[in-house]
Structures are given as structure tokens and as C-alpha cells.
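Presented below, as C-alpha cells, is a lone chain in the form predicted on its own.
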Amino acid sequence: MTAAVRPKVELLSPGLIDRILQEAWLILEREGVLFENAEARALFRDAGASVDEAGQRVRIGRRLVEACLSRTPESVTLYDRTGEESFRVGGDDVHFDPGSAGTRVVDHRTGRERPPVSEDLVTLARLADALPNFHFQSTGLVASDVPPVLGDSWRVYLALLYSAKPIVTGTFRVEGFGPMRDMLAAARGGPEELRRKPLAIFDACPSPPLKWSHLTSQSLIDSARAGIPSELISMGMTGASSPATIAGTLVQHVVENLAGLVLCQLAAPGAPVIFGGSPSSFDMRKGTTPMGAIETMMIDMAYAQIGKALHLPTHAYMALSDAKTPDAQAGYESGIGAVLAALAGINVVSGPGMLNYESAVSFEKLVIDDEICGMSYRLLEGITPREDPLAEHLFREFKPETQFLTLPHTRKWYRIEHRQSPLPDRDTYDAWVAAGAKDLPERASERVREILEGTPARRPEAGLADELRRIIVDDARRSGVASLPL
């Protein structure tokens, strides 16, 4: 029987990909990239790169880049907290996760943003765990009720306590990496098991244009040596911190990400690396970074296509919105982004649940976006020939009174062929009015409450919970934090 055709979208011709790469090689070798981290510069120097210590500039030859590319795995397999369920990050496999590191929560009761607290992080972890179309969770909020010095480890602690799904995270402090790694290793049963079965991805962002900070360079080094996949998040803004043209921004994106990839391989040959980013089409009128702009999505899709050409796993921030509430703008920007990310075959898609330029999280939007992600997965399944013949046998002895509703064929295939979801409104107008005339955000709010009240959190066994508590309490004590909110 003929297999389904998987729908796919590509924006770049092979010739344009080659031109972008050729210019990236040239910039890496001639202009170089700034690395503030002395250990990173030493690794480059030992590998034969040209290092200007005074200017912190590293010039990287194409031969070294290609050697490091050849050592980078084409795919990464993540495992959940139990070590049983696995997810391949590579090829054209697509995995959605909530956007990360929001500093605000949109409170559905008031319609206004407020600072997140630890209970919000628990809610996010539980929702991400329960919603079926998010394969990963993320440390998607920054708790305002713990000091920043403890923020990194606190987010991972709550994520491990309240969800079993793999985690997309990252560190804002060099000192934050150790406790985060220790908790992940405790959940996995030791550092070697964590290396064998990764439980988390660590984001690391260069500072455009063409610079890796001390912090993010150290994150790449530490993650590589721990066997934790690094997700490279280049984030040029067109016309502000990267060239105004999409093609020009793609050149810079490739340069920054390849420089980070080389550092990972120099720190630990064979380290897993994901070619990702969070670029934006800068809005010159407002001074903002529109993540819902179609040009931003085009940059994402294009650099992912380049990542695939380099045989690397890919990532992008898509399926999010610049809107301030879960309104029509949030719907169309997130819907278009999710579908385009899926059609581009981007492996890790971060952004569902996010509003306001990647800074705020709405739990109602998270529930709505789960439905959008489910529709995107259904699109990727394509049209499958279910039977042979396809339909002509259903029309044998056809009569005017023939009803497909009663056919065994309908009972056999309907639920397989057609998605069923409680969230979208499929009622008649009169039935919708009789049910309270509820709009989508209101129905999503009810769904949030249903999940939190009706779906128990998947907590770890007591021994692991105790060990995680010990690690976070020790980190708090070292950081001078006297008490924890939960």
C-alpha cells in the first residue's frame, strides 16, 4: 500500500545555502568571534586556532570547523525521568515544548501580567506534563520569590518534582550549573547514566554580533563534559544586532552557532549539540523584537534548513506570540508558527504558552497551543491510504438512501482519521449560547482547572525526592538563602 507523503517546506535553494556557508567560513577565519571565557580561548589555542588574547578574538579555520562538525552527532536521544520513554531529536522529528525563562505570568483573572512565584512554576510543570502534545517541559518561568542566586537550580528542582518529561533549561550563572547537573544526575542514577540517557537540554546564547560571553561559553564547556546536549541560541535582530536582510542575518547566525559548536567539540569530542536560535525581525518603529512576525519565522525555518544541511539537530522559538493576551493575534501568530515549524521539520520547537516577545507565559495559551501542536502533528501524518481499494468498494450497489454513518467502514476509521478535542468550539450557535457562550480563553481556563484538579502530579519516588531536596537545600545554604518558598 502506498505510504503517506509527509508535507514539507523549504525556503533556501542548495545554491543559497552554499553561499551562506561560504561567507560564514570566511568570517570565522578572517574576522573571528569574541570569546570572553579564558578557558574557551585556551581550548581554541590548543586546537591551532588564532587567538588574540588582548581582544579576546578567536579566528577559526574551516578545516577545524569541518573536523568538529564530523564529530557532532546527527541526532540526540532524550529520555524522561524514568529513563523509559525516549525521543529522537534529529531528522525531521518534531517536538514541542513551552517557551522558556518568562519573567511574567498573564493572570487570567485580571488579564494583566504579574511576577511569577514558585506555585506558578509548579503549575507550568504539571500542565506541560499532562498536555499530550508537549513532548518536553521547560523551566519556562523565573520565580520572583527566590533570590536570583538560587534561580537556576530552583527551576530544575521544581521541574523534576512535578513532571517526568525531559527538560529544556539553561543557566544564568556559572555557579548554577553544578547543582543543576547534580539534580539531573540524581534523577538518572549517576553522572554516567545521565551521559548515556540525557534528561535535559541546556540553552546557551551568544551575544550578537559575533560574541560568546564568559557565562555562555562556560555553559557549553560544562554541558559538553557532562554529556548534556547544548542548544545554541543565536539571536540576531535584523538591522539592530544583525544585518537588515534575512540572508545576511543567516550568515551571522551560522557564524555564531558554528563557533559555539566548535567549542563544544574541543571541550568534549562527540558532545551533542543542537543548531538553534531565537532571532527576530527587529521592529524599527517600536524598538521591539517581534517573534510572531512572518520574517522571524522565515529566518527560523531557513537556519533550520541550513542545520539539516550540516547534519545537525535543530531548534527554534516558534508557536509563540507578541500579543499581550490570548486573543486573535496570539492565535494566528502561534498557529502559523507551529504549522511552519512542523513543515520545516524543526526538531525542538520552543514557544507554546508564551506572549509579549518571549517574556510572559499564559497558562490558558499553553492549553490552546497544545491543541495547535496536535493539529500540526496531524498535518505531518499526511493522508494515509487506509484500505485497498480506497473507496470504490463502498459504492457497490449504491442506492439513494445509502448512509455512511452506519457503515462498518465509518466505525472502523473515523477516530483514527479525525482528531477529536474538547477545546475547540464545534457546536451550533444555539448550543454554544445554551452552554454559556464561552470564548476560547474562558474554555481554556476551565481546562487548566480540570487538569490541575483532576490529574495527579507525577512525583518521583520518595528516595529521589529526598535527594533532590538535599541538593537544593545545600545550594541554598551555600548561596546564603535561609528559607525556600516550597
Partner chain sequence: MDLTRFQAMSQAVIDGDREAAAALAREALSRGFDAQAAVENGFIPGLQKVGSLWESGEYFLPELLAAAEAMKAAMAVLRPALEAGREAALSLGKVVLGTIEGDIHDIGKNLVGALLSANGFEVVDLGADVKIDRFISAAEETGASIIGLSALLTTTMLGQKRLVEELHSRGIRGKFKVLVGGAPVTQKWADDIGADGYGENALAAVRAAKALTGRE
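Residue numbers count along the first chain shown, from 1. These numbers were taken from a predicted model, which means no experiment stands behind them.
Quick note: we don't show the form predicted together with the partner chain, though the next part is all about it.
- Within 4.5 Å of the partner chain in the predicted complex, a heavy atom is found for none of I294, L340 and P424.
- Residues with any non-hydrogen atom within 4.5 angstroms of the partner chain in the predicted complex fall in just one of 303-311, 141-149, 223-231, 155-163: 141-149.
- Mapping the unseen interface onto this chain, R126 falls outside it, with no heavy atom inside 4.5 Å of the partner chain in the predicted complex.
- In the predicted complex, S207 approaches the partner chain with a heavy atom inside 4.5 Å.
- Shown alone here, R109 lies farther than 4.5 Å from the partner chain in the predicted complex, counting heavy atoms only.
- Proximity of E371 to the partner chain in the predicted complex: non-hydrogen atoms within 4.5 Å are absent; the residue sits far from the partner.
- Scanning V76, A267, V122, M237 against the partner chain in the predicted complex with a 4.5 Å heavy atom cut-off leaves one residue, M237.
- Between the partner chain and the residues M284, V174, L394, A247, the one pair within 4.5 Å by heavy atoms in the predicted complex involves M284.
- Taking the partner chain as positioned in the predicted complex, none of the residues of 447-486 brings a heavy atom within 4.5 Å of it.
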